[in-house]
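This document starts with one chain, in the form predicted on its own, laid out as structure tokens.
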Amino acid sequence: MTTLIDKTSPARSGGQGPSGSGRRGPVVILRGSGRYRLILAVCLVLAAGFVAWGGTLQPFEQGQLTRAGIFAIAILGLNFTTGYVGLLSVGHSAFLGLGAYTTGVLVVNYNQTALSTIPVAMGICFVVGLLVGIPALRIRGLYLAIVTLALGVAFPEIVARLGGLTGGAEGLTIRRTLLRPPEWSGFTLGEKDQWLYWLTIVCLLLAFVVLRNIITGRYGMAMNAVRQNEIAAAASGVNIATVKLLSFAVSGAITGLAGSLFAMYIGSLFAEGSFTVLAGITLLIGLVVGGERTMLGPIIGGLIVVFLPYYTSDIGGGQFSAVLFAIALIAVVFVAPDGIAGGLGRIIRKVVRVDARRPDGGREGGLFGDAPTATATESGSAR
């Protein structure tokens, strides 16, 4: 097989396009190359610097970052099922509340340490996610959204009726002494805010790594196939039921993790105030504004839903603040329809594109899902 290398390709040389207009194409960086490692190292150093800076802030500002990190974890869970599988969920506030009340009930009523309740909260939300995913086997789109909306509406009522366990309409208060950091952490009770900040950062990092490994693996390919075309995915051998059920279950578990951290953060649980449908809509807003089907989108969305209302309330109070918040969200969606992370990715791709190197020395799709670069034309046949 004869291979003719196209040395004038803009993607390879960065030179002029076919029209000879002199317009340069994006710089191509091969994944695993020295320049790629350098860029990755710089990004990691900047991220680590931001996290370290957050650890030096005053309690209020640090608490805001902690809250943003908790919302980022919850949006990561929502993104897993809504973004990557296409199953619209409006009632993820129920998973957030279920994780929070699991931690609150175990700490207050059963004298468990707050840290030990996290796996329990995730496990319960995983099982509930499996049950909630059952309707998704037969319905999707707006019909599925209505089902999840019913879940979000019903959760505060269920909490109110289980007053002996959850505190009912009066809420459940976790005393500060019950949220004492573990001795091995090195933090004292007076440093609880710092302990919770670093715990949230670690949980966010772990959730990010785990979900990224799932999404970039074979299961992630199955999720993408189900989102694009269920009939074609089934014809290709994808088990649609398994993908949908596990997606809801994993999504519920991750959001339950956020709920457990939220209980430690807020200390006083009140279902009618923190876990209504409005909270579920807030998670959806964070996902859309941050960028669905992206890994950085939920982190950006968590920062947006925490800090944007805070700064708009400084400009104007009451209803005017809500109007400013809505205008800011509309402006973001108008400028970046695919979210802030998607908009940034589109801009970056115009300047730099990262390609993966195939075992045969060629190139595969880019970091942001680019099509393979056409670098050769083939003539003849090896067979």
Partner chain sequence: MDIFLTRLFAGMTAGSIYAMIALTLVIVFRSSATINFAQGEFALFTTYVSWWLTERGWNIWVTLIPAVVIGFVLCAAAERFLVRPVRRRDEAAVLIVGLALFTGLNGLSGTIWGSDDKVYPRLVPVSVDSFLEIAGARLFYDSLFVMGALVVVVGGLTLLMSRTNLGLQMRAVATNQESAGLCGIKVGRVFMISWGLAGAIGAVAAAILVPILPPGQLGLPGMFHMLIFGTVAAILGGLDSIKGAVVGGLSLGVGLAMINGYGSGLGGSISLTVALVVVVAVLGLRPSGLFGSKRLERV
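Residue numbers count along the first chain shown, from 1. Quick caveat, the model's predicted, so the values are computed rather than measured.
The same protein also has a form predicted together with its partner chain, omitted here; what follows describes it.
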Discussion item. At 4.5 Å between heavy atoms, only one of the stretches 329-337, 344-352, 61-69, 36-44 reaches its partner chain in the predicted complex; which one is it?
Written reply: 329-337
Item to complete: Scan Ala169, Ile146, Leu130, Val210 and let me know which has any heavy atom within 4.5 Å of its partner chain in the predicted complex.
Response: Ile146
Discussion item. Under a 4.5 angstroms heavy atom criterion, identify the one residue in Val202, Leu162, Ala241, Leu142 near its partner chain in the predicted complex.
Written reply: Leu142
Worksheet item: Can any non-hydrogen atom of Ala225 be found within 4.5 angstroms of its partner chain in the predicted complex?
Response: no
Worksheet item: How about Arg138: is it within 4.5 Å of its partner chain in the predicted complex, going by heavy atoms?
Response: yes
Worksheet item: Going by a heavy atom distance of 4.5 Å, is Leu179 a contact of its partner chain in the predicted complex?
Response: no
Worksheet item: Any of the heavy atoms of Ala233 lying within 4.5 Å of its partner chain in the predicted complex?
Response: no
Practice prompt. Please state whether all three residues Leu115, Ile174 and Ile266 have a non-hydrogen atom within 4.5 angstroms of its partner chain in the predicted complex.
Written response: no
Worksheet, complete the sentence: Contacts from 145-173 to its partner chain in the predicted complex (any heavy atom within 4.5 Å), listed N to C, are Ala145, Ile146, Val147, Leu149, Ala150, Leu151, Val153, Ala154, Glu157, Ile158, Arg161
